[in-house]
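Shown here is one chain on its own, the form predicted on its own, set out as structure tokens.
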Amino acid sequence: MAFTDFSYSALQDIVGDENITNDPVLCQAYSRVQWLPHGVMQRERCGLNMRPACVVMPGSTEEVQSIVKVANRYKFPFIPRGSGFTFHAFPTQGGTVILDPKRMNRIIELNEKDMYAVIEPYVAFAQIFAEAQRYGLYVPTPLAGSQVSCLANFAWHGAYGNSWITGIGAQNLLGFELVLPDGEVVRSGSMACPDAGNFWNDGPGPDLRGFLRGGMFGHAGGMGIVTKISCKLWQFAGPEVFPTEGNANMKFSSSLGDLWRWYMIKFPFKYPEEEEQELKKSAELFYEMGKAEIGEVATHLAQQFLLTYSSVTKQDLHDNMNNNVFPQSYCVVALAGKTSLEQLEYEEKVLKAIVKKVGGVFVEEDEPAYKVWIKRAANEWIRFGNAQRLARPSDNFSIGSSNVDSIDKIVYEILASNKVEKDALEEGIGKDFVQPLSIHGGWISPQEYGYWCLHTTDVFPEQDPEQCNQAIEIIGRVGKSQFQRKSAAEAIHMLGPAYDMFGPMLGDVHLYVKALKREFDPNNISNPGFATTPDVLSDEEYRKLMGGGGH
């Protein structure tokens, strides 16, 4: 594969001189990532192969098609990039072209009646959230923050503060337009039917969201470039303008009006000695709420999430830790009167009855935990205007463990993952903020009224190679333990080379993905290696990747 002056001239002809650059300084800005430990390590080793040959900014689906066809003609790789918040969005070989769609930033349609929006790649959650509020609607916003691309998040994975009702990104994806790696365009759902509207994700024919998203987390640009999506909007019980007070880090939202109420719930167990009982009771609470179909938010937050998301500054974080503001984990619930105040009051009565039934206790408004979380952070859980707080301990974080399963199985998974992390800490692996915040509890995020559940725990390495190596060791140990106990988390790891390593354990799904990659990306130029390489690994290569194991 090679990128030449002829290739550059061809791209210039498509987008114009002002929308393409090979300036090494500007291109270097596209060679770095901010999120995982891998990214910190890659910054340390940032070389020419990580710097793209050029960056091109298409302004339409037609321009994207033309760029992809040029890439196939001259056989150079390309990578579509959204907000750049993941480590799959930068080059790993020379001669790579980055497609930055920041010119494609329009809300094409916002349908108030059918509650959906059609958007281009660079529409941020903040942009669509603000527009939807004018119509009494809103969009679920990820913990990564309201500044990220809504399209990229929905097509990738997406987990939200109100996933209790919305589910993850796939459940909010109504249709998409995708430029395949060969330059052809495919549309899904009712978007595929001329003049049919953009409100439905099923039919005609098979549901193509599985093709777009692969095993779990999408194809990371390995199966083309999504140029627009149709996504759900949800009824909002708050005001037309999100209420805030203050500026910058000291900006807070204390109330969403009379039709919105927050609650913190704890259980009378000794923490952390009786953590297992607390987690199981939290699961019971969520199951009962799901049966009653009440609530806008229902989530369980361990100390790591409570401390980070409520910390206005680093000093604030340390003060809250030293003062033991959050002595245990808590369940956080929000009720919203979407139809009336009477609905809100009814749901409150039901919630109180459920909490009493499962042995929970409501946190009082004068308790430090309530003051810090509900007053400082609760409403941000809806729009995530201060997502940078997640990395407050060290300016960096990584997901230590994650899984999707039933709520009660997620409780087991958290306890099992925490044990691996505690054992590593006893060996001296993980110090300062690499691990200690993460060895108890986790984020339990029940989805769609508890129909299923997501969990994560985090680690917080300082931005230096040694701490990042420790974080990677912790994450690797957790992942290995998940496979050893046949955890459903196996599917979480299905991306890139993991298809080849883990596919034989999961119904040979890697062979299906490879077949699709060969069919639509015969030149292996659409983010090579994702979702997988076109050719099946040899037995020798497979054994090497698996550390000596065979099929």
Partner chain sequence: MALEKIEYDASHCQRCSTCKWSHLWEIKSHRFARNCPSLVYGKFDAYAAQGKNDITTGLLKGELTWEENKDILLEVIYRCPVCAACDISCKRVMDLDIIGVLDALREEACERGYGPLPAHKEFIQSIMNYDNVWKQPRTRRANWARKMGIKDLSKAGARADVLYYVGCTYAYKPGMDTVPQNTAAILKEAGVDFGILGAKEVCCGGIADNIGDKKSFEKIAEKNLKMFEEIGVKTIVTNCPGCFMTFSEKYAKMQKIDTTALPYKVKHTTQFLEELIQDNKIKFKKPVNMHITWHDPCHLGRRGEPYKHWEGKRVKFGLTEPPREMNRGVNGVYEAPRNILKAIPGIKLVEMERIKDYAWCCGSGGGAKSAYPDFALATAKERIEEAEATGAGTIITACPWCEANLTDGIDASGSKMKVGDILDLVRQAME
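Residue numbers count along the first chain shown, from 1. Throughout, rigid core stands for the largest set of C-alpha atoms superposing within 1.5 Å between the two forms. No experiment lies behind these values; they were computed from the predicted model shown.
The next section is about a form of this same protein that is not shown, the form predicted in complex with its partner chain.
Contact between V361 and its partner chain in the predicted complex is not found at the 4.5 Å heavy atom cutoff. With a 4.5 Å cutoff on heavy atoms, R389 counts as touching its partner chain in the predicted complex.
Looking at D432, you'd find a heavy atom of it within 4.5 angstroms of its partner chain in the predicted complex. In the predicted complex, D13 stays away from its partner chain, with no heavy atom inside 4.5 Å.
Only one of 416-424, 362-370, 473-481, 144-152 places residue heavy atoms within 4.5 angstroms of its partner chain in the predicted complex, namely 144-152. Proximity to its partner chain in the predicted complex, taken as a non-hydrogen atom within 4.5 angstroms, holds for one residue of T92, Q277, N105, N469, which is N105. Checked against its partner chain in the predicted complex, the residues Y271, Y135, F252, Y74 give one hit for a heavy atom within 4.5 Å, which is F252. For the stretch 121-144, the set of residues having any non-hydrogen atom within 4.5 angstroms of its partner chain in the predicted complex comprises Y122, V123, A124, A126, Q127, A130, E131, R134, in sequence order. Once you line up the core between the shown form and the other one, the Cα of Q388 ends up 2 Å or more from where it was. Relative to this form, the distance between the C-alpha atoms of G385 and V332 is reduced by at least 3 angstroms in the predicted complex. Wider separation of the C-alpha atoms of N153 and Q435, by 3 angstroms or more, is seen in the predicted complex than in the present form.
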